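Below you'll find only one chain, the form predicted on its own, shown as structure tokens.
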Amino acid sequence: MLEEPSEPGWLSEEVTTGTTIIAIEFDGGVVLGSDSRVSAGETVVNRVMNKLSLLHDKIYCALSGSAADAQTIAEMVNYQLDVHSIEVGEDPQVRSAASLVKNISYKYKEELSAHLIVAGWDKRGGGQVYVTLNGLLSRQPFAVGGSGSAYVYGFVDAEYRKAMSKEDCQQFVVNTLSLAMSRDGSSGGVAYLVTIDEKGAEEKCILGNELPTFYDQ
């Protein structure tokens, strides 16, 4: 009897993804940043995806992991925050958004593969950054994530300082992204930035040829 042809090995292999995301607090707000490359294994499937997703007027999240899973979580939280803000008659707190992300991530931890950093500003807590992963909820002065983060932990630990100004935080985020994108093959494209404070959110896109370069580039 003829044997049935076996499936190619790549069909059963886990598809690896990659990205670099970062968020940092300053006195009066936060700055979030991400690269724009979406990869599946060795294939780049999108060069210019904005991984900074709006959850509410002054709350954003940075996406990593499976792009589809992360976007699904962000859309679910965005809807729930809109309903919540209508019910209470005021803008939601950043911690409330982060708690929603945490609960969804933990409830569907077997089905979804995503890690979101939630950051924003509210009148009670000011600028805040939260890390959410598998039921974890932790406020941090800054946070990095994605495959590119492994290349820049030493840099952010050495360069971070307390009470940095808004401009210093923006440059800190740009430098971190530039370094990660130059080292990590799964990170690249352009750099997206969002600065959030009491006045609202300001989005910015920095092209790859406008990113800072370092001595070995």
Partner chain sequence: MERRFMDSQIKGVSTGTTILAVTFNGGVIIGSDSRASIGGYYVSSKTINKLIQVHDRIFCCIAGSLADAQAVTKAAKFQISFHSIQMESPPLVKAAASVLRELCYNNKEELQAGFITAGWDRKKGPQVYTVALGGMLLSQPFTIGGSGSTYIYGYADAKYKPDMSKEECLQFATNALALAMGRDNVSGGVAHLVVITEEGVEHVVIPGDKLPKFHDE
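Numbering follows the first chain given and starts at 1. In this text, all values refer to a predicted model and were calculated from it rather than measured experimentally.
Keep in mind the form predicted in complex with the partner chain is missing from the figure; the text below concerns it.
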_For the interface check, one of 30-38, 179-187, 163-171, 51-59 should have non-hydrogen atoms within 4.5 Å of the partner chain in the predicted bound form; which one?_
179-187
*asked:* Taking the partner chain as it sits in the predicted bound form, is residue 147 near enough to touch it, meaning that at least one heavy atom pair lies within 4.5 angstroms?
replied: yes
*Given that the partner is absent here, does residue 152 sit within 4.5 Å of the partner chain in the predicted bound form, heavy atoms only?*
yes
_I'd like to know if residue 68 sits close to the partner chain in the predicted bound form, meaning any non-hydrogen atom pair within 4.5 angstroms._
no
*Taking the shortest heavy atom distance, is residue 42 within 4.5 Å of the partner chain in the predicted bound form?*
no
*asked:* For a quick test of understanding: in the predicted bound form, does each of 133, 142 and 157 have a heavy atom within 4.5 Å of the partner chain?
replied: yes
*If we check the partner chain in the predicted bound form, which of the residues in 54-88 reach within 4.5 angstroms of it by a non-hydrogen atom?*
64
